[in-house]
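A single chain comes next, written as structure tokens; it is the form predicted on its own.
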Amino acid sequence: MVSRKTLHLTWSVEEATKGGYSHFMLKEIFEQPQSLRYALNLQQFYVNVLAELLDRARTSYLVGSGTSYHSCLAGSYIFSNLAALPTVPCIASEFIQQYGRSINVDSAVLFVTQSGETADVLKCAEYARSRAATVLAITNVLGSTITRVARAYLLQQSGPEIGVAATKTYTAQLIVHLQLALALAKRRGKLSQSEMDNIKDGLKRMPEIIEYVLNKHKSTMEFLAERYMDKKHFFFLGRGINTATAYEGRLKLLEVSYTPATALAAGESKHGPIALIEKGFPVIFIAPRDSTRSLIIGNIMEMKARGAEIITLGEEGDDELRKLSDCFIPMPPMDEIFTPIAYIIPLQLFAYYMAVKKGLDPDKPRNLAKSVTVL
């Protein structure tokens, strides 16, 4: 008879499913290369169905709440730039009041909701149906209410997201917007074949790029969180498509570290908000080498001249930006249409480490729930 010493495991089920990570939020941040691979594996037939229905509409709306709204904001730039399709991004809680009387049989409304159960979104979807609009959806949950309400939908296939703060579901939504816009561009004849091939190649490379950014900047963002954890207020500024990145980076910081922050299209900072700037005020710029770069350089100079501490996410080798910045976070080169996917990653890590350094649980921010089911 063999006698073995009993080993008692003290892990809870929750700890076991974290896969060795301290929190679900960090685990899900690092799952993004894989979740993007899943999101790239959409069934093209359904992508084409949604593209056709959007193309038929006289007016198209992109509707979401919180992080999903920010993906809609980025999506509006993507649809315009790739497919020359104007779309109206709208916060779900304001959609009926702002656009209700404009919705009709010639309208298409694309609802973006991670859970498929967000009360504000479902209320808007029912209203759009009552006005005979075409209801479409992007969601992460098969069988959710939005999949039963929508005429057609796409599953982003991110897998379960336990942390309240959306991370991998946001970047997956952006990947879905890009594939949908590419199908629309082909349908509408707005891109050459070589342009389409380049974008497809760029999409395939995104998981690898995200993996590189995660490994390169994990320790950097932890260091910056330690450095800035006592700051009382942050600005997040971006231009063009990365206005959405500024909003989403700010939301992550607010959600999990309870740090007050303001996000703006950088050009709007001089119309009032710049009055808050004083020596040492931290301003985070999202500044890839894109069509807005020369303009955002001017915004950085304005802030620096007033004593702000400049933290910049910019392309590797951009020496001008590096010299203007107190902290420069180098990012790999890529087409500007992909930058919202990559440039949000360091900001997710920053928010996570800010929460941890403050002794907070980033998985369970106070007063928040994963799916908001009340109006």
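Keep in mind that what you see is a predicted model, and the values were worked out from it rather than measured. Quick note: we count residues from 1 along the sequence shown, nothing fancier.
Beyond the structure shown, there is the form predicted together with 6-O-phosphono-alpha-D-glucopyranose (G6P), which is absent from this document and is the topic of what follows.
The contact residue chosen from V109, A166, I286, C124 relative to 6-O-phosphono-alpha-D-glucopyranose (G6P) in the predicted complex is A166, the criterion being a non-hydrogen atom within 4.5 angstroms. A single residue from the set T118, S158, T171, T245 has any heavy atom within 4.5 angstroms of 6-O-phosphono-alpha-D-glucopyranose (G6P) in the predicted complex; that residue is T118. Residue contact with 6-O-phosphono-alpha-D-glucopyranose (G6P) in the predicted complex: T67 places a heavy atom within 4.5 Å of it. The stretch in contact with 6-O-phosphono-alpha-D-glucopyranose (G6P) in the predicted complex, judged by heavy atoms within 4.5 Å, is 67-75, chosen from 184-192, 266-274, 67-75, 213-221.
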